[in-house]
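Only one chain is given next, in structure tokens, and it is the form predicted on its own.
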Amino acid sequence: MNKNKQPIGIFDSGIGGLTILKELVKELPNEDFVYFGDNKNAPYGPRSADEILNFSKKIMDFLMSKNSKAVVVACNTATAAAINELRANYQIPIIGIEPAVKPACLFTKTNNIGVIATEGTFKGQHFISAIEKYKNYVKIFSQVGKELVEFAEKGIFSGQEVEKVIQSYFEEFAKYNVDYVVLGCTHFAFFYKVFFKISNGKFAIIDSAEPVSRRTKDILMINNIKEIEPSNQKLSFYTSGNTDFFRKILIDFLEIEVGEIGEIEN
């Protein structure tokens, strides 16, 4: 089989990685994708690093069985807990994701930025290294967004409860003159409208979707496995959770026709 024509694997603890997939589909229109959402075990944030690594390895084995030529770990928490181990054990390019702390630190005018992410992401070496790198110039204030992940995995993307949670984050950031807010979990892009409504222009809001899609394109070219021939893009979806819920999110968010969704144990 021509390696260039093999699909790109992508996985997340649940539906959050679909926000990354949406950018990848636009950036790489000739590529096929296999997506796995580990909805049964979401959220990953409160789980131990060993648990997340175990889940990630099982998912990697599944994506390898689908002949993935590269894999995007579209989950900040899984990247923090498992990316190094995965790269050491699987002989294909593996692209991780991390909060967009660097651009926020470069763009901030007040030298104060806020980051909303999961516990697992904040404990990860990538985030710790970022704080260390910029600590002499920028103050980074963090908020654990566990409630938003739980809302997303229930398909709740708006309403008073969602607004109340986001309002509490922004009120805390406002105390420290924050001007940039980094969305450090892929699930949070589902709440963009609420974030912008509550922010009302007081904060610039950024995430990692576009940088990850560009990085993936770069990695494919560096490894000479990018598909350049036009083709009918094929998207395959699998979940360890409820397929009906997953299908609804796919149709509402990606706005595509969805065929059969595989249900896989993890």
Ligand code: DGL
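Treat the numbers as computed from the prediction; the structure is a model and nothing was measured. Note that residue numbering follows the sequence shown and begins at 1.
One more form of this protein, predicted together with this ligand, exists but is not displayed; see below.
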Site check 43, 75 and 186: each within 4.5 Å of this ligand in the predicted bound form by heavy atom: yes
Partner-contacting position among 149, 182, 95, 130 - heavy atom within 4.5 Å of this ligand in the predicted bound form: 149
Stretch in contact in the predicted bound form with this ligand, which is absent here, among 118 to 126, 85 to 93, 135 to 143, 161 to 169 (heavy atoms within 4.5 Å): 118 to 126
